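One chain comes next, on its own, written out as structure tokens in the form predicted alone.
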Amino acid sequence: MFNVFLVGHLLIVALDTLRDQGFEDPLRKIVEEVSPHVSGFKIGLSLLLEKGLGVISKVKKFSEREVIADLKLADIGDIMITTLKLLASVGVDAIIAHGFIGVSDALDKLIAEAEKYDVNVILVVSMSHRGSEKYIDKHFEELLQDAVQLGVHGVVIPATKPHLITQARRVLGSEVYIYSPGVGVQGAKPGDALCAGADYEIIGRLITTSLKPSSVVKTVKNIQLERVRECRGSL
């Protein structure tokens, strides 16, 4: 469970790419500006390849917020554990893995090892692109059952598929967090996923490509809170 997730902070910023906008240190500017208003940061593979593993330590230093490494791990258990150990060594708080690889000799090993390092595991059980419907979404119920069986920290379900979020909330109860990307550039509006049952919305380019990331985050947060009050009655 994330230690610093605060009531009213329903947003995680995806740091997948950083556009050069003339800032001396765009990573630091974005992270420091938005940190007071968000629950954490998700770092994608592209940024890790560009900046190296040290980018995780930098984000934690600049923000003191939780950091999710989004490598969408999908391999046998032993290989994923090797990656896990590297990420844990630089202070990552959670990792994202694909649910479709199955439990035996894969996710079961990863999660058992992650517990030793106090790293949360979040499973992808659906994706926002249309191709997800052909294979992954056909096994959505089974992937949810695996998530429950494994006792994972959370699952990823796109904000562009609110019906799946609602379905997942019924299956998962309140013990498993739902993280929803796809807000902004991919079409979902702030608050859509939260009203469907998600716990956190993940937003990237809408914020990271802005010249005023703090202003965008504040606007998004206000919209989220207003939508949640309308659909849930309260936070």
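Not measured: the values here are computed from a predicted model. A residue's number is simply how far along the shown sequence it sits, counting from 1.
FYI, the form predicted together with another copy of the chain isn't displayed, but the following is about it.
Across the proposed site, 148, 153 and 172 without exception lack any heavy atom within 4.5 Å of another copy of the chain in the predicted bound form. For the candidate set 121, 106, 164, 92, a heavy atom within 4.5 Å of another copy of the chain in the predicted bound form is found for exactly one residue, namely 106. Note that among 195 to 203, 47 to 55, 30 to 38, 172 to 180, the stretch whose heavy atoms approach another copy of the chain to within 4.5 Å in the predicted bound form is 47 to 55. Proximity of residue 100 to another copy of the chain in the predicted bound form falls within the 4.5 Å heavy atom cutoff. Using a 4.5 angstroms limit between non-hydrogen atoms, residue 88 is distant from another copy of the chain in the predicted bound form. Using a 4.5 Å cutoff between non-hydrogen atoms, residue 76 counts as a contact of another copy of the chain in the predicted bound form. Within this chain, residue 210 is remote from the site of another copy of the chain in the predicted bound form, having no heavy atom within 4.5 Å. Applying a 4.5 Å heavy atom cutoff to another copy of the chain in the predicted bound form picks out 142, 143, 146 from 142 to 177, in order along the sequence.
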